[in-house]
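Alright, two takes on the same chain below, each alone as structure tokens: structure 1 and structure 2.
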Structure 1
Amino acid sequence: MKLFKLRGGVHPQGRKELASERAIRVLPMPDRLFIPLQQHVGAPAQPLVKVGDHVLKGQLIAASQGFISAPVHASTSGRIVAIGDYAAAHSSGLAAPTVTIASDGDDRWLETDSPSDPFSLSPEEIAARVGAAGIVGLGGATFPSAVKLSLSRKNNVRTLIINGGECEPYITCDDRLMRERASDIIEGVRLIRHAVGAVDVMVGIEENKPAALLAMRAAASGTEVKVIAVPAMYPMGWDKQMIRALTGCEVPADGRSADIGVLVHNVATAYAVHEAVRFGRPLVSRLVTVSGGAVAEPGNLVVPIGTLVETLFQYCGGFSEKPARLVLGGPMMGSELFSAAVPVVKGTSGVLALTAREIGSTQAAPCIRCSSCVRACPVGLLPLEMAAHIRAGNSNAAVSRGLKDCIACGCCSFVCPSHIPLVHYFNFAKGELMEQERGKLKLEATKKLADERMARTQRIEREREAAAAKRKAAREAKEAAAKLTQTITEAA
């Protein structure tokens, strides 16, 4: 099949060989699981359990609230020992509401109903089951999948693209999943297609994963699913890049792929959909790559949601040397972790322990205006210009140069010969603008309150004056009447 030309992109050293040949292993159930209530984009889930409750694996422990939200399920059977703040898997190290479960060691599943033929279900029913299973985009975006399914159906999506790009260096979980669970993924893909009524179904896989391509092609033969090899380059796994490569269409700025009739899901999401619809199993575990030069035995593990990152490293033989940096996700877009005592969440595709050698120099030098970043940017922005404006304290000027379209892929920082932390500037500016936006919203809300209060106090004042005037008039009338009576009496 003809592929379309792409913009920008870089070719970082893959380093996937560390973990790509290690078969999937299942992590033994840890004693305690720390399950955050917000592992998705949107409103946090509302807890339904109390401390002391006994839960079964797959039992709903927090319900979704609002349109864009996802429920959370117990990752094993056990007792709820705490509901409160616990350090989140985030660079800030700040705490987030978390449910802590002490495992009872049985790992007993909740009885679930599973349809005899999932394809006999109506599209709405599939979307509902996906939503109830708490499935979110497992490629890292963690957008609730059910919302995407129902919106796509409404928008008449014609093309379904399954993203098997996995362009981040080190990360191999999707690769392994495609090699070992290809037929399950294909069934998940067909279920998604059934749910949205798409006509074309394409699975895009980077050509540096020949084994995965082979396995997926074998599983897809005889179905309507087309498996296509796409060039290996970063950020191939960015959904809009994948869309451009396979369809030649470009998603408009601040638009969604549904606007051009395309729906993109990750292969791991397709697998989770299969598990949820075929077996009624909610998303309680995911495949995580544990890798990096400092890890003794890198590998790909099936990890219950809520397992601490340090448990993963321990299971992989600990550290062979002292890691210089722990990273959640891939080295390009992942976030630095300052503590390994944070839980794995639905969006965690990998945890890396990198050595000082792997990180390299980070001393920034002045910009030499070589425009390498402009060539590397897959969105077609001018990173050097935007960063210069942000550095000068003018984030709004960066917005008019397309800051909001920046996907923080890190290509610009990667190619910069001066090691300028360009993406760091953009993340800072986005955070700052978000804060301003929140400030503005709050201001509008409080202004309304202030106006209402002003109107109320004025009305009360007016009413009091009116009442006083009325009383005065009544008193005067009475006095006048009294005087009149007196005069009459006197006259008489």
Structure 2
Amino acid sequence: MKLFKLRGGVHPQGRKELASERAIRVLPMPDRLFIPLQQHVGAPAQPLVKVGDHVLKGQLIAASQGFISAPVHASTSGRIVAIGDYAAAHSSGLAAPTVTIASDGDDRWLETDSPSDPFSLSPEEIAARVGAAGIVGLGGATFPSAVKLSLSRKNNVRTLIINGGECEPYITCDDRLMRERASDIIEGVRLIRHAVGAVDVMVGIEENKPAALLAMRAAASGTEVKVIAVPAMYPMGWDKQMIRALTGCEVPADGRSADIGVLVHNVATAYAVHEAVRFGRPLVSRLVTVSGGAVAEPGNLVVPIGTLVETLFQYCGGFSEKPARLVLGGPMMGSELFSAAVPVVKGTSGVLALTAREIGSTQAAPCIRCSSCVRACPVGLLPLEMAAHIRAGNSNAAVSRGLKDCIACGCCSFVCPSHIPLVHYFNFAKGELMEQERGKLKLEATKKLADERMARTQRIEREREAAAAKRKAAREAKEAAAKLTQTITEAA
């Protein structure tokens, strides 16, 4: 199949060999699981359990709220011991509403309803089962998958792309999943196709994953699914980059892939769809890469949602040396963790313990206007100009240069010979603009309340004046009638 030319991109050192050649292992069930209620884009789930309740694995413990939300399920059987704030898997270290389960050691599943033939289900039934299973985008976006299925069918999407790019250094969970569970992934892909009515179905896998390509092609043989090797580069895992490589089409700025008739899902999401529709199993665990130079035995683990990150490191032999940095996700777009005592969530693809040698430390120097960042940007932006405006305190000018289209992939920072932390500038400016927008909305809301109060005061005053005028008119009419009566009486 013809591939289309891509814009920008970089080739960072992969370091994937640390974990990619080790078979998937299943993490033993921890004594306690800390399951956040906000693991997805949209409104947080609403708890349905209370402290002291006994739950089974796969049981619904928090219901979705609103159109864009996702339910949350128990990752094992046990007792609810707490419902309240717990440290979230975020660089801020802030707490988030969390349900804590003490495992009973049985890991007993809730009885589920599974169809004899999942392909006999209607598209609406498949979407409903995916939604009930709490499946979200497992490539990191965590957008509720059922919403994407429903909107794609409504928008008459004709092309389905399954993203097996996995371009982040160190991260290999999707690679191992494709090698070991290719048939299940392909069935999940076909179920997604059935749910949205797509005509063309493609799985894009980077060419530096030959074993995954071989396994997926064998599993897809005889089906409508095409498995295609794409260039190994960063950020090939970005959905818009994969779309451009396979179709030659470009998603409009501020647009969605559905706008050009394309739906993109991650390979792990397709596997989760297979588990939900074929077996009735909700999303209660995921494959996580545990890697980095400081990890004694890197690998890929099947991890119950809610497991603390420190438990993963302990199972992988602990640290061979003290890590200089802990990272949630990959080193390019992941976030730094200040504590490993945070839970794995649905969007956790990897946890890294990096050494000082892997991080490096070079002081930033002035920009030399080499335009390396411009050539590397996969979106086609001008990072050097955006950064110059932000440094000058003019974030709005950076917006006019495309700041809102920046995906914070880090390509510009990676290639900068002056080691300027360009992405930090862009994230700072986005935060500043968001704060300005919140302030603007707050001001507008305050003005609206003031205007409504003024209108209400004026209405009340008008009503009072009208009532007073009405009383006066009635009094005058009464007085006039009395005078008329008196005059008639005197005349008589």
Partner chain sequence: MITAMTSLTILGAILGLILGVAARVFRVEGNALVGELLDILPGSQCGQCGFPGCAGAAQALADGSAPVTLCPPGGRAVAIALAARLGVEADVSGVKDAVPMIAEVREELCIGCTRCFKVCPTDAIMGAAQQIHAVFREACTACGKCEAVCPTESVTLVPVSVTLHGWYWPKPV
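Counting starts at 1 with the first residue of structure 1 and goes up one by one along its sequence. A quick note: this is a predicted structure, and the numbers were derived from the prediction, not measured. We call the rigid core whatever largest set of C-alpha positions still superposes within 1.5 Å between the two forms.
- Comparing the two isolated copies of the chain, the first one is the form predicted together with its partner chain.
- For the conformational change between structure 1 and structure 2, the C-alpha atoms of Asp53 and Ala82 are both best fitted by the same rigid part's superposition.
- Here the chain acts as two rigid units, and between structure 1 and structure 2 the smaller unit rotates by 17°.
- On core superposition, Glu452 has its C-alpha offset by 2.4 angstrom between structure 1 and structure 2.
- Look at Lys470: with the core superposed, its C-alpha moves 8.0 Å between structure 1 and structure 2.
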